[in-house]
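A single chain comes next, written as structure tokens; it is the form predicted on its own.
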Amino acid sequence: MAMSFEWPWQYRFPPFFTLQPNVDTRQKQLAAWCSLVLSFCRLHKQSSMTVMEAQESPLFNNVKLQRKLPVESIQIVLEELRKKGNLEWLDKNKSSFLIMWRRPEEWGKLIYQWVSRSGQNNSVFTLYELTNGEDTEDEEFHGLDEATLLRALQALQQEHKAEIITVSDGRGVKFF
């Protein structure tokens, strides 16, 4: 069941693709861009990309309008997402990034709720089992990328609800 993405009204409005000089207007515009990026990436389960990939994707490139957000403006939107805790740069040059439509603590909470609900406390899982196993197919964290999963598990580890361990075929986690 593929869900279709509903673009916000601003996406069909050409000035949306030019950052506005008025401070209040720009703040509203950045908030709309941030919301759009998070919604789009969530629907497509996209967790990392480069700035160049982002510029060419439908996210920042409206082919129908023949409008594209310039790279400098994309950087400003991405930096805004970083300030909110939804983005992490993966390199010094700020050319690739990890997008987190849920913060690691939120993913950790969802995972721990599933563990508790399914009676899996005191169980050990490989990272693969958590994100690709049959038991988690109906969970939102199914298919989550490993980088985000590890951040979520580290958050749970800080709360003493889990411990990241080494298992024979890689890394795993024990839940308490």
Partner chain sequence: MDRFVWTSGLLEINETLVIQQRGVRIYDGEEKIKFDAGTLLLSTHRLIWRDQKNHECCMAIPLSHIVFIEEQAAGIGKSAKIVVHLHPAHPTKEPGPFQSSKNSYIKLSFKEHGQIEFYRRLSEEMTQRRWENIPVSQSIQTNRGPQPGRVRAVGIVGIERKLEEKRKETDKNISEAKEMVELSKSIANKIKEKQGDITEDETIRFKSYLLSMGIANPVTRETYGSGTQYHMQLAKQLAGILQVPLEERGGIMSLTEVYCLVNRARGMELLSPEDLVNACKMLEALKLPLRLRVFDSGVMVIELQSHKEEEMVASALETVSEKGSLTSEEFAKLVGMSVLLAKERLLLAEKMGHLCRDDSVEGLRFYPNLFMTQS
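Numbering follows the first chain given and starts at 1. Predicted, not measured: the structure shown is a model, and the values here were computed from it.
What comes next is about the form predicted in complex with its partner chain, which is not displayed.
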### Message
Tell me which stretch of 63 to 71, 41 to 49, 145 to 153, 113 to 121 has a heavy atom within 4.5 angstroms of its partner chain in the predicted complex.
### Response
63 to 71
### Query
Does its partner chain come within 4.5 Å of any heavy atom of residue 166 in the predicted complex?
no
### Message
Since only the chain is shown here, I'm wondering whether residue 29 would be in contact with its partner chain in the predicted complex (any heavy atom pair within 4.5 Å).
### Response
yes
### Message
I'd like to know if residue 20 sits close to its partner chain in the predicted complex, meaning any non-hydrogen atom pair within 4.5 angstroms.
### Response
yes
### Query
Hey, in the predicted complex, is residue 25 touching its partner chain, heavy atoms inside 4.5 Å?
yes
